[in-house]
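Both blocks below hold the same protein chain, though in two forms, and each is given as structure tokens: structure 1 and structure 2.
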Structure 1
Amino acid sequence: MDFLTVKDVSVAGRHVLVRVDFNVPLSDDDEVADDSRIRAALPTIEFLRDQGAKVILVSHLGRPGGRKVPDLTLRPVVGRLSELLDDDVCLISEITGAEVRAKIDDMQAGDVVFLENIRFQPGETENDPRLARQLAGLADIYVNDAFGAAHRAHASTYGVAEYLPGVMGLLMEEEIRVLTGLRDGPRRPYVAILGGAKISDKLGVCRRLLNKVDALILGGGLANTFSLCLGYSVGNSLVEAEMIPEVRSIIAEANRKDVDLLMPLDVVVAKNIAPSAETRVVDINDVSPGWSIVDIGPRTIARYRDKLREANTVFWNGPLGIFEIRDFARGTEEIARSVAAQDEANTVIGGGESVEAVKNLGISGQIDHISTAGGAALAFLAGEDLPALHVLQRAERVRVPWVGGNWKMNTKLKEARKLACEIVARWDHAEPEVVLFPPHPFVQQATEEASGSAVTIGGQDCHWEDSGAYTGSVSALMLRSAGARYALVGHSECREYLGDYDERVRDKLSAAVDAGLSAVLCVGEQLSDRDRGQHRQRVREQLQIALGEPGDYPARKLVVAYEPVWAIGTGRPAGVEDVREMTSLIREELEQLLGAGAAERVRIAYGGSVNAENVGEFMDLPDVDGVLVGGASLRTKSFVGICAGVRDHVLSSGEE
């Protein structure tokens, strides 16, 4: 599996945003009616706490439609989680603002907080980049453990992973492991049972599933729509009539692919959907107007059972009737029993209601795998690319291009605010990642301007200690608490005028990383090194000392900026071939120091008289992932021009 999990990253002391799927059923008195989804995520939460992470949980509950619906608060869920963890979990009602920041900043290793129902936010289901960035801004690492929501590209399942290093949780890992086996090598015959109420949601995957299964058994509202398509009248039954053309083509495709499609022969119909309703068993061609199909009939049950007896693999999603009502539950229960009775077969059940039905019968122990997901499991088994997984994989493989703007010792408060504000207003793309480095006194104002935007703020330097008697210095923790996400260390000007030497740069880098900041490590040779032919050696040495100690560098949070000192501020950029040679040497050295996997993910930026015109030439180089801009970053137009140049380059190379 080419995914990283929580076990592959170092989380100690870091804020970790964990997307869980705690969309649990609530009882009438607002208690959690079934806590299995909460229990299923405990291994990940406990693991992170044991490692000393600060855990920020996010989940949705129900479909509040982007506004606060008091009945859908996560309060009962948080209550149950607190009991299970035997610890207080605090529910945070807002996502932005000083109060949240303060609560999050105050967290200690092992603490757990929960953000209120993420679907109260209008941007969640639309995957609004603003919300994704706000979420990303709360943490250093993103963990997705919400397999049940993995088929949705929402801000908390997808967008956020574009802005943070992302890995899977343990539950997600286990689900993927089991379901991959089923998807790629099922023992035949392979029979899938599909039912339930989410008809249009399930039809798309139903078609793809035809490529995998030998037989498809239908029930529930899904089967009603098939019956209607075949010309039977279905009375008042739940159907989605607009799906008929889709259903027709699925039936044709099943024929072509020789998949045995099993549909109800007889059904239970009811006058109304209520416990004491009058019911009848009728043939499928005999449903009278005014009646509703509420379950499959006995002949159908017998037929389906026979089919299941032949199976060596069974996947089931969606109840076959309205099983919540006693009188309409027989079909679902009988089928559940026959799935459970298939000792020899590999049996998997997924879906909120389907799983509930099996649990009610007390036979879940006889099922090989009970998935926490319905729609997502179905989509995965059908061979779809789940957005939430896709984005995690992509984030791992790709080095997101990067542009830094180092303002050096320039601007006064008003200008700094204006510059940040203008850049923020003009830059709204996830790629390249854009980071501004204002002078220390303006970091906080800049982070305010950039809050929720595509722009990130960093400090130009940081001290190697967290605090203490170091007059005039600024620590990484201070930067962090002012809202910065980056620190620049080892800039040539700090080396030249402030006495930074390689060992000190190493300590500053460690301090930045320990504080949870991303770090830009600047390296580069003097003109004299180059004249003596020692530029390669000099840069290798800088890297070896800065990264040589067994430090722990989350590769995606490290940027190495190569700045040949003779090209900075001189208007004379280094030759493209020189930059090619030096950046490839840097990548090589990173491999030696960090291992090939990590070195692949570190971004290398070139710095030195870059402008909108020449940026493309540097970006063309295989080991250049971005640029660190000096003087030109003080003018909105030229800086945004460079960012746009990098973006154009990215887009055009993506088309190849």
Structure 2
Amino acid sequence: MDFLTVKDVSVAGRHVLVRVDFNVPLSDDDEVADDSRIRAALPTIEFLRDQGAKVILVSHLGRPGGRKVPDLTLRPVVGRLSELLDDDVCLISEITGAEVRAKIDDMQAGDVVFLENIRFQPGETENDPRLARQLAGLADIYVNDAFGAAHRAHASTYGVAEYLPGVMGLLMEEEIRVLTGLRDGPRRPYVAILGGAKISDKLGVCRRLLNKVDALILGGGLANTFSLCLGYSVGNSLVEAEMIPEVRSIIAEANRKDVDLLMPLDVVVAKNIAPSAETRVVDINDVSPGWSIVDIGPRTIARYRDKLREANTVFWNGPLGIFEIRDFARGTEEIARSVAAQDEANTVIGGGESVEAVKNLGISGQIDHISTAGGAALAFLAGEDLPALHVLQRAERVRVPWVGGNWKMNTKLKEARKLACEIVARWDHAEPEVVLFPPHPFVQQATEEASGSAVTIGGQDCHWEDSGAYTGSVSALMLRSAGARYALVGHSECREYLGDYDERVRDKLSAAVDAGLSAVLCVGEQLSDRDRGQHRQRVREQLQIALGEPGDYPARKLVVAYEPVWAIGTGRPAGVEDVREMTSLIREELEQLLGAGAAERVRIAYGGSVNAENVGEFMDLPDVDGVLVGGASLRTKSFVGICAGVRDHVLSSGEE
């Protein structure tokens, strides 16, 4: 498994958006009836708190259909979580707005807040990019710990990871670890049990499992459709007659692949689907009109038990009868006991009713792994691509292309707003990441224009202290509170005109990181360095002083911008080979300072003259991940053209 997890990223002092699956049952008096999903996510939440993160939780509850439904508020869930954490968790009733931003910015290390039911937002299930950006704008890092929703491409499970670095939570990691073993290397014989109401929900999974299992046991409404396909009368039972052609092909495929397909021999039938209804046990070929199959019968239970005794691996999803009515739950309960009794087998259960059965019987401790997911677990075991996993950060691709626009000391307020608005309107792509650096007085206004867009705002510089008697200075915390998410430090002009020596750049970098900002560290050599043959050593020194002391540098949030200062106004432009040499040196030095793994996640940008036509030449270099643009960023068409050039290069590289 090559995904990065929450343990692979630095979270101290940072806002971390955590997608959890707290879609839990509530009692009639609005209390959490089963808190197992909440408990399962506690290790991730507590790990983040211990590391000093500011934790923002998001979950759905029920199906409110994109509108606020008072009965589906997360308030009872938040109350139970507060009890389990022994600390107050604040429920925030909105996703966006000044009040939300203020509460997020006021968070201290270790605080936990919870956004209201994300499915109150109509854009959630539609994976609306605007909602995804709004969520991403609340945090620095995204953690998905909601394996139960991993098969949904929603804004909070999929879209947000296109705008933030996304990693797995500890629960997600454990689920994937266990299910990967089950999918890729199960101990034989491998027996899967599938139940539930509808075959249409599990048809694809059923077919794919034929490539992996030795025996497939069927029950519930799913088995009824198989029985009907074989010519048995099923009375008034729940069936999906339109699925019979598909079922017929699955039966034929099971025979070809020598998979033992076990279906009910006898069943419990009832005159009415209600408690205390009249019931009978009949053979599967003897279901009378007007009666409905509600459970598997005793001969079927015995047959299924015998097959389970042969198994070395068991996966179970879905009840084998109408489990919610106590009188029709015997088959499900007996199979639950049988699965739990397989001491030598690796047993895994996923799906609400199956899990509920073993919990009600008090035997959950005898199951090797109880998954928090039903549909997602089935899809993963069948080899399907889960959308929520697809967008999480994999170890081999950790550098998202980056374009920065440094406006320097240009624009007035009206011009700044107009420029930001134009760029935001014309750039609507997740890659490359686009960051604008307006003058400090306009950071908040630019942030307002960019709210909910694909564009991020940064500050051109920051002070090395959080506060104090430093007239005219701007701290990293001030930038953060104004909406900035980046700080530019060590720019050649700040070094030359404002006296930023290497040690001061180091302190500014630390201040930016401590404030939870991403940082752009600018390095580069003067013409005199190059003429003396000391250009390589000069850049090494800048990196060593800025990064050489022990520090907590989140590699994914660090950009190193190489500026060939010697080429400015000298008539000696920096060529592609010059940039290749220096960016390669920077990557090598980063490996020495941060370690190979962290260095691989740091993005390196070229901070020289580029345009839409030549940017691809620089992006072709193996150690260049983006560009820092100066004057061209003041012209919307030119800047967006450069961004598009980077995007086109990335797409063409992917096709190759």
Ligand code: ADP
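All of these numbers come straight from a predicted model, not from anything done at the bench. Under this definition, the rigid core comprises the largest set of C-alpha atoms superposing within 1.5 Å between the forms. Please note that residue numbering is based on structure 1, beginning with 1 at the start of its sequence.
Of the two forms shown, the form predicted on its own is structure 2.
The rigid-core alignment places the CA of residue 293 2 Å or more apart between structures 1 and 2.
A displacement of less than 2 angstroms separates the C-alpha positions of residue 318 between structures 1 and 2, with the rigid core held in common.
With the core held fixed, residue 9 shows a CA shift of 2 Å or greater between structures 1 and 2.
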